[in-house]
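In structure tokens, the next block holds one chain alone, the form predicted on its own.
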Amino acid sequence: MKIALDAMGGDFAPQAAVDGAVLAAQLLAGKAQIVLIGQENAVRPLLEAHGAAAENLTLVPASQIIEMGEHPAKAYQQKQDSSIAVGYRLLATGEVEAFCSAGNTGAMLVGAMFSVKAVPGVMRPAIANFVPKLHGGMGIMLDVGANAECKPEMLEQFGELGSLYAHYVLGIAQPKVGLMNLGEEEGKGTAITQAAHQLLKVNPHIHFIGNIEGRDLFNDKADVVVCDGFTGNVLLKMAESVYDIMAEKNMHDPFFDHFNYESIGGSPILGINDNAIIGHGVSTPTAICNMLLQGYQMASSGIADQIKSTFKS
């Protein structure tokens, strides 16, 4: 198995990317190979500095970089030898089983739609994120940023996508799906969430438990939290700030350590024909390593094939 990494993506690239890739290669030795994509004159010396530790890493040259501030669609189309474009080409041709990047989020989404494309039947792919549960384990929340505004049918599909991921990757036998709302009652919320509730309620592919509130995010009510990308992103960034505040006050707790973006490494794009993960722009080597491990986990689980077969039927 080969897992690709955009070596030029992120605020601390390529150093953090190479360091994280070396860590992941050691942990995945005998299971998967890490393929770095980036400018050879920038990446090669960093690999050589790691010596024997970097022997399981390969480098695919890409001469261009899509910067964080560039227009995603325009940059992706104009920079076909960028590390993101080359990474998606490797993914689309089956040369790698997963592609990870801490680079331009918009370009990662555009690349997914242009290259590996959305699964037929999926209206809009979603970015998912993981939610630690107070009594152990993890849940999943989607969307957290790809689709700021959603139709009810999109929210229904997020419930299906999240349920498949929770089952096949997180190992939850019958994932409970909850719709994030401003009240538990069926009639609460906007016209969109009310309509989404009715669709989720009769969907035979999921175990829908109804509306949940913000206070339910970390309890056991729902394993899959469905929301639009605007709401999900606000919740995600607020959770990250809790970790930062506790660290600033020198307070540490194993549960709140899960709020640290480094512990997960990245957010998978669900609803596309392959495995792609978007990392945080400020990703450290630890975050990069965990993102690559997550890519391996996704590829091993066959989640992309499960999504394709579900929506085909």
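These numbers were taken from a predicted model, which means no experiment stands behind them. Counting begins at 1, following the sequence as shown.
Form predicted together with another copy of the chain: not shown, discussed below.
Chemist: Under a 4.5 angstroms heavy atom criterion, identify the one residue in L161, V86, A196, L217 near another copy of the chain in the model of the complex.
Modeler: That would be L217.
Chemist: Identify which of E95, E186, E213, D81 has a heavy atom within 4.5 Å of another copy of the chain in the model of the complex; exactly one of them does.
Modeler: Contact with another copy of the chain in the model of the complex is made by E213 alone.
Chemist: Okay, which stretch from 116 to 124, 145 to 153, 164 to 172, 73 to 81 lines another copy of the chain in the model of the complex, with non-hydrogen atoms inside 4.5 Å?
Modeler: In short, 145 to 153.
Chemist: Considering non-hydrogen atoms and a 4.5 Å limit, does another copy of the chain approach A191 in the model of the complex?
Modeler: Yes - in the model of the complex, heavy atoms of A191 and another copy of the chain come within 4.5 Å of each other.
Chemist: Consider N233 of the chain shown here, and say whether it contacts another copy of the chain in the model of the complex, taking contact as heavy atoms within 4.5 Å.
Modeler: Contact check for N233: yes, within 4.5 Å of another copy of the chain in the model of the complex.
Chemist: So in the model of the complex, does L27 come within 4.5 Å of another copy of the chain, heavy atom to heavy atom?
Modeler: L27: no, not in contact with another copy of the chain in the model of the complex.
Chemist: Classify N181 as contacting or not contacting another copy of the chain in the model of the complex by the rule of any non-hydrogen atom within 4.5 angstroms, answering yes or no.
Modeler: Answer yes; at least one heavy atom of N181 falls within 4.5 Å of another copy of the chain in the model of the complex.
Chemist: Do heavy atoms from each of V43, L47 and A49 fall within 4.5 Å of another copy of the chain in the model of the complex?
Modeler: Verified in the model of the complex; spot residues all out of contact, no.
Chemist: Scan 250 to 289 and write down, in order along the chain, each residue with a heavy atom lying within 4.5 Å of another copy of the chain in the model of the complex.
Modeler: M251, H252, D253, F255, F256, in sequence order.
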